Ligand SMILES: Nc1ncnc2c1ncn2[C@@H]1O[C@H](COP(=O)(O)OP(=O)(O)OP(=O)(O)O)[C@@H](O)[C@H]1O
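Given as structure tokens, the chain that follows is alone and in the form predicted alone.
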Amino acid sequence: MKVIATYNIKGGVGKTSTAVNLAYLAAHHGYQTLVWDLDPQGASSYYFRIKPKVKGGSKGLIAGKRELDGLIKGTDFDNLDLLPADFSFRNLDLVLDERKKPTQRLQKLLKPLADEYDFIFLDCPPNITLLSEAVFEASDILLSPLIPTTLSLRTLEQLKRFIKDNKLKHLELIPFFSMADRRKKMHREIIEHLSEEHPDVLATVIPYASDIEQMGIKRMPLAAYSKKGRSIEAYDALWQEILRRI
């Protein structure tokens, strides 16, 4: 089982669309796949047409009163399940802070699922918080989408520094460009510059495109309603590149 967290310090960079689309591709290729929607806004849950509600809320979940497998919902797609969000997840930092070894709590919750799933995607809220630290401990891969702006380098450096300072040697950070508009000179220059400065950035670039925005209307992964196009090809290339990396 590989746990892949889609994460960035910044919001609005394409974390949810990445988690939803890559999870769909993994499931489509026969991997048993789970998405855990950790964002109280519940965007992943919305895309999969599942009500964002967890019985017992975050407190019951973190306290161990509910096992994860009893909360998991099936989606409309083969091999793909969802653990929905709950609005109480906005208090997850406070709930974790009340527990012993809070940063290890998510890892403990996920461990029993190792025999059931090949991939677990964690769709994470932004910022570095106690929940983020728990996500880092539980994950094998931190998949970080970067919009090609002047702040990209800064947030990437912050994330790398945090991982190094906290000795998270098990965690592989995999950054890639998201929501890129190659018509913009600044986007092209930043992609070129940052790729040179950080050779670990994936070669695949996810475009800023209207068909990805349609996910909010269609309420399903991109490849489930559109069979061809630049964005589908990009997500498929991204998934293949991640598989080669891991």
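A residue's number is simply how far along the shown sequence it sits, counting from 1. Nothing here was measured: the structure is a model prediction, and the numbers come from that model.
Here the subject shifts to the form predicted together with this ligand, a form of this protein not shown in this document.
Each of K15, Y47 and I212 comes within 4.5 Å of this ligand in the predicted complex, counting any heavy atom. This ligand is not shown here, but in the predicted complex it comes within 4.5 Å of a heavy atom of M179.
This ligand in the predicted complex comes within 4.5 Å of no heavy atom belonging to I62. Contact check for P126: a heavy atom falls within 4.5 Å of this ligand in the predicted complex.
Under a 4.5 angstroms non-hydrogen atom cutoff, this ligand in the predicted complex lacks P52 among its neighbouring residues. For the options A26, L38, L34, I206, the residue carrying a heavy atom within 4.5 angstroms of this ligand in the predicted complex is I206.
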